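We begin with a single chain expressed as structure tokens, specifically the form predicted on its own.
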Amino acid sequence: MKLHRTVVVLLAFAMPAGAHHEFQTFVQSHSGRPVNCALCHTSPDGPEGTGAGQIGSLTEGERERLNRARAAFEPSPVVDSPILNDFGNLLVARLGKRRILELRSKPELVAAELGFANDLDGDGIPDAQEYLDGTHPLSRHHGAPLRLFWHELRAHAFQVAMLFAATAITLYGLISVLRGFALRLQAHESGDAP
């Protein structure tokens, strides 16, 4: 067991910092949606490069944060990698780097291992489900339309009920006014009008 851990640790440091494309490939094939590195990384182009959110642009303090995050082989309450977004940091915090490396061969297990309790963007769709759906777990307007609709309907149930009540009252009033006009017109035609 100790040899296994040593091999995983050595592989993690020997591997390039690039995104794990197995996860991206799985999400794309499972969901049918195009997905880029911004699912987990701060840059849609991944961690390699000199652009914002990429390794080549990190300050000394950010490199220290990156190294601390890379050392999170076991689940940790806080992971703050400057090249990962909140969802990527959540994955490392919940699963640990070791388990993420192991899951590269079975990316379909990520959602179950992450669990369906977290909803970073508050859109009513668990982050693990957004991973499976290929939608962005950090954008409250990016999700399966029907799920977003039901979430918004539940969140605004009172306002929707008031809108329906106001519409019903308005229609009742309009129908009453039209009936009144119809009765007056009928009375006028029959000669009973005042």
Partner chain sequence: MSTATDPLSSRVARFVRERLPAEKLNARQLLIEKEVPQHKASWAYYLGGLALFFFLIQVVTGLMLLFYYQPTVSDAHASVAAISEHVAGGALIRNLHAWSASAMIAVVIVHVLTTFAMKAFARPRELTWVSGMTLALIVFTFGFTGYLLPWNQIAVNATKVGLQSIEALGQYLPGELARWPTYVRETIQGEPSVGQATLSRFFALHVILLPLATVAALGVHLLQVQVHGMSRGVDVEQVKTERFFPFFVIKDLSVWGVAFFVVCVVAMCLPFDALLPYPLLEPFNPLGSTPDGIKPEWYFFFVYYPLEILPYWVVVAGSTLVLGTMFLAPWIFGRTSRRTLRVLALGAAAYFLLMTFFGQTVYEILKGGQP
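Residue numbers count along the first chain shown, from 1. All values reported here derive from a predicted model rather than from experimental measurement.
What comes next is about the form predicted together with its partner chain, which does not appear here.
Scanning Val35, Ala69, Leu132, Ile55 against its partner chain in the predicted bound form with a 4.5 Å heavy atom cut-off leaves one residue, Val35. Its partner chain in the predicted bound form is not approached by Glu64, whose heavy atoms all lie more than 4.5 angstroms from it.
Mapping the unseen interface onto this chain, Gly49 falls outside it, with no heavy atom inside 4.5 Å of its partner chain in the predicted bound form.
Residue contact check for Leu148: one or more of its heavy atoms lie within 4.5 Å of its partner chain in the predicted bound form. At least one heavy atom of Thr167 is located within 4.5 Å of its partner chain in the predicted bound form. Residues are counted as partner-facing when one of their heavy atoms sits within 4.5 Å of its partner chain in the predicted bound form; in 106-141 these are Gly134, Thr135, His136, Arg140, His141, in sequence order.
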